[in-house]
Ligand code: EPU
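Below you will find one chain, with nothing else, as structure tokens; this is the form predicted on its own, and questions on how it binds or moves follow later.
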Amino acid sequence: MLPEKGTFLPRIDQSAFTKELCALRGNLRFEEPLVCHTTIGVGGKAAFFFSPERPHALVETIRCCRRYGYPYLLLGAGSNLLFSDCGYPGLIISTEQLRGITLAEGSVQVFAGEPLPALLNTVNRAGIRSLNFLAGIPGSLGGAIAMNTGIPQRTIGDTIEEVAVLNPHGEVMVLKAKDCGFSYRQSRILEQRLPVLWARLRLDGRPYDRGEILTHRRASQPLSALSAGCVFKNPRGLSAGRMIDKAGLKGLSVGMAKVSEKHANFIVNLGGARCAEIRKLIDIVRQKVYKSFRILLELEIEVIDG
């Protein structure tokens, strides 16, 4: 989930641009509905949608976009994202085919598009339980690293040995964990929009009970509903969900978008919700929480304007 946004669609030779994309190993589609590629099921169409088959093809796709000055967005599992109803006028680069896991002694190397549940299945079959704190998180590896996802006791950044990224000059760099600037729902990778290619994770630390964590998440979060995950970051020492609940906003709806009654920091799509409805609901929640607590909630999800 690493966008490089453009404020307008540049005038380019689209035939030359698409010819270069078609020469790469991958699947190119036009006018692709984004509702099919996000966990909240919202968004218009992407002008171009490309799924590279190999990390090298991903690198060349991004280099191609940069040469043409064409806006693009790197898309993983589609969580933590809210697309405009107008869609995206540039190129969506999906990492859905960039999957691969290599287990080694004490570590695992994983491609950026690998879904977290699949990663946990692999390491659990090998008898390793140290990554189970990621249970119930629907994202893929690249987005999880950029957002430094996890639980209060441990985040994915705590497990990183190294991460391969593409820098703004089109060069592949391998960053050590200390160079990634991991903090709460943040990293240098996210701040600088560095596309993740693969990462190596340490398989050490305390074991976590996957079933226990999943049971807790299912009891406290609307995992079966269409959502983008937690909408707001927790203010330091506070819970955004509890503040929204205390402001009396659980169950509040705008159109087909609703503040979850199970966890107030989730907005769920009841079926056919539009981005405009969700954004209006976000604005109402922020205003009412500010009025009640004088705290302006910061978004954890990323809104992608068309």
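Given the structure is predicted, the values throughout are model-derived calculations rather than measurements. Heads up: residue numbers just count along the shown sequence, starting at 1.
One more form of this protein should be noted, the form predicted in complex with the named molecule, which is absent from this view; the next part is about it.
The contact residue chosen from Ser187, Ser84, Gln221, Thr159 relative to the named molecule in the model of the complex is Gln221, the criterion being a non-hydrogen atom within 4.5 angstroms. The partner is absent here; in the model of the complex, the one residue of Arg67, Arg29, Lys250, Arg54 having a heavy atom within 4.5 Å of the named molecule is Lys250. Picking from 99-107, 211-219, 191-199, 84-92 the stretch near the named molecule in the model of the complex, with a 4.5 Å limit on heavy atoms, gives 211-219. Not displayed here, the named molecule is approached by Ala264 to within 4.5 Å at the level of heavy atoms in the model of the complex.
Remark: Phe232 counts among the residues lining the named molecule in the model of the complex, judged by a heavy atom distance of 4.5 Å or less. Although the partner is absent here, Arg242 is a contact residue: one of its heavy atoms lies within 4.5 angstroms of the named molecule in the model of the complex.
Though the partner is left out of this view, Pro152 does reach within 4.5 Å of the named molecule in the model of the complex, counting heavy atoms only.
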